[in-house]
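This text opens with one protein chain seen in two forms, each one given by itself as structure tokens under the names structure 1 and structure 2.
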Structure 1
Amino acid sequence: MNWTLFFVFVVVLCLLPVVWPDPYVLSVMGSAGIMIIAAISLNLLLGYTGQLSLGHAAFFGIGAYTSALMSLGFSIDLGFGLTWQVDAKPVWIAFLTAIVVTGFFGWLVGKLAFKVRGAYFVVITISFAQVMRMISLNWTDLTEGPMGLISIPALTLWVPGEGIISLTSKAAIYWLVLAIGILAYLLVAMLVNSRQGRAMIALRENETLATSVGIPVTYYLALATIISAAIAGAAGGLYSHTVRIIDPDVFLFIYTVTMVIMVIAGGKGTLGGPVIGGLIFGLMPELLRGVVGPEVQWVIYGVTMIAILLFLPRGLVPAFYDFIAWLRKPGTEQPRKSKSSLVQGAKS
């Protein structure tokens, strides 16, 4: 990872509310940032282990509902005259609980789904998301059904001299999303550059060869799913506490499709791919709004995506690095590691 480029990029993003304090711009950037965090989580599973999860919106929605319910309080009728009552918890405890709960669901899905591969895995993940949406839609005593949950408290921060303040301004929400996005990015960066990360990449490149040298397939795939789900849950929790109203639409398939587009267009299996893809496809609809009609917006959106896939099939970030390599030494591309070297790296 190019740390100089990373720090420059972070500094520029941190200064955005200072140089451009427009609430609309900050709101759009905050919304795009939440989806970028979700895309970072999907990239760990899709880009580094090669497993396509088309039900990733389920983890996003579970995180949103768990954090909202914990911060609002809830009760569940267990039958036989028994009730499970949970009083409203501080928002940060609710947020952390959402991460733990989605991590647990990630483990559960991984445990079941990784007994199969390919299309079967995709079907299981899609089914899981649909089941979660039907539960949120029909368990009205807990989720209020299609009416959704309202008045979700905002996240708070202790400020010296000011005490505990609610993060409700657009600038505060933007910085909060940026901070959690950086943490998610660094967590994935440390993981994929560790021995565990090299094992995941080896499984993606050649599962049979990796298994033959003793890499436990199920363990590393389940680990990737747990961490991926937990990060998606954090994105969902952020969404519920910034929008402050959620309904079963948080489980919609379009959220998963948006994450996949961000990862593929940016460059799956690269750290910067979901960020660049997320900035482009997260901001494009808002940038085009007011310039062209809604129909033309989606045409431009689709044409851009198709053009990237046709001319830059590995994504924008790998294409950028190939271009830099070509400038330094025309006629060459960035060397890629062979599958056998990746497996050997995972063993070391």
Structure 2
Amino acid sequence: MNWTLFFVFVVVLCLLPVVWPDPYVLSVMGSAGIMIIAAISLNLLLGYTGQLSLGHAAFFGIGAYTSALMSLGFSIDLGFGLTWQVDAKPVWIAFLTAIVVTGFFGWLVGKLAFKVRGAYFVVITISFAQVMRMISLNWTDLTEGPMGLISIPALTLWVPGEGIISLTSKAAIYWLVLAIGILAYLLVAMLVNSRQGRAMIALRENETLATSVGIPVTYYLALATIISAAIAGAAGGLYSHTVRIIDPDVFLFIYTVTMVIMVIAGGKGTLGGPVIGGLIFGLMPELLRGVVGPEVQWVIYGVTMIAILLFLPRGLVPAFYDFIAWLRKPGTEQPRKSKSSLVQGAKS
């Protein structure tokens, strides 16, 4: 990973609200950022362990609902005259609960689904998201059904001199999303560069070989799913506390597809991929809004996705690096030829 590039990128993103304090731009960047966090989480599973999860919207939605319900308070009728009453919790506790709960669901799905691979795993994850959507639509006592949950409190921050403030301004939401996004990015970066991450990549490359050298496949797949789900849950929690209204549509397949497009377009299995892909596909709807209708916009999405898969199947970021390498090629090969006759001898 290129740290200089990373810092420049972060500093530019941090300064954006200062140099361009347009609330519209900031809110667009904020919502794109939330989807980028979700894409980063999907990339861990899809890019680094090679498992295509098409139910990632489920984790996003579970995070959103858990965080919203915890911060609003809820009661579940357990039958036999018993109810489980939960009072409204402070928003940050609700947010952290959402991460833990989605992590648990990730463990559950990972544990259950990784008995199977490939197409079967994909279908299990889709089914899981569908069941979650049905539950959110029909369990009206808890989720208000299609009406959705409203007036979800915003996340808060303690500022010296000001006390506790609600993060409701566009700039505040932008910085919050950015901060959590950087945390998610660093977490994934640290993970994939660690022993655990290398084990995951080994699984992606050749599962049989990885098993034969003693890598506990199920353990690492479950670990990746838990972390991936938890990050997606954090994105969902962020979504519910910044948009402050959620309905069962958060579980829609189209959200998963958006995450998948972001990862694939940017380059799966690269750290920068979901960020670049996410910026392109997160901002594209806003650029296209007003120019074309939502249907045409989705057609453009779909065509772009197919084109990338057909012509740049590895994604934009690897293609960019390849291009750089191609530009530098004559320069780098020249000294090697003159310096080392050994290499040349070995080659010929």
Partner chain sequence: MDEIFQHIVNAMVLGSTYALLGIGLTIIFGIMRVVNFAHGELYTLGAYVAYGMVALLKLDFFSSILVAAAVGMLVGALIEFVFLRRKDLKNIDEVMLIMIGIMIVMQNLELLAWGGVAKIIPTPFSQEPISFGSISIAPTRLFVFGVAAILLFIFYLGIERTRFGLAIRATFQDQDAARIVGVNVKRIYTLTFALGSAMAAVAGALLAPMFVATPMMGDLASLKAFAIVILGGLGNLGGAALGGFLLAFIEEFGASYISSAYRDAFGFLVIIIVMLFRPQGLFSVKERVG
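Remember, predicted model here, so these are calculated numbers, not experimental data. Think of the rigid core as the biggest set of C-alphas that the two forms share within 1.5 Å after superposition. Throughout, residue numbering runs from 1 along the sequence of structure 1.
Structures 1 and 2, same chain in two forms; the form predicted alone is found in structure 1.
Once both forms are overlaid on the rigid core, the distance between the two CA positions of residue 52 between structure 1 and structure 2 is under 2 angstroms. Taking 2 Å as the criterion, residue 29 does not count as shifted between structure 1 and structure 2: its C-alpha moves by less than this amount when the rigid core is aligned. Once the rigid core is used as the reference frame, the Cα position of residue 283 differs between structure 1 and structure 2 by less than 2 Å. Its Cα shifted by 3.3 Å, residue 310 is compared between structure 1 and structure 2 on a rigid core fit. For residue 292, the Cα deviation between structure 1 and structure 2 after core superposition amounts to 4.3 Å.
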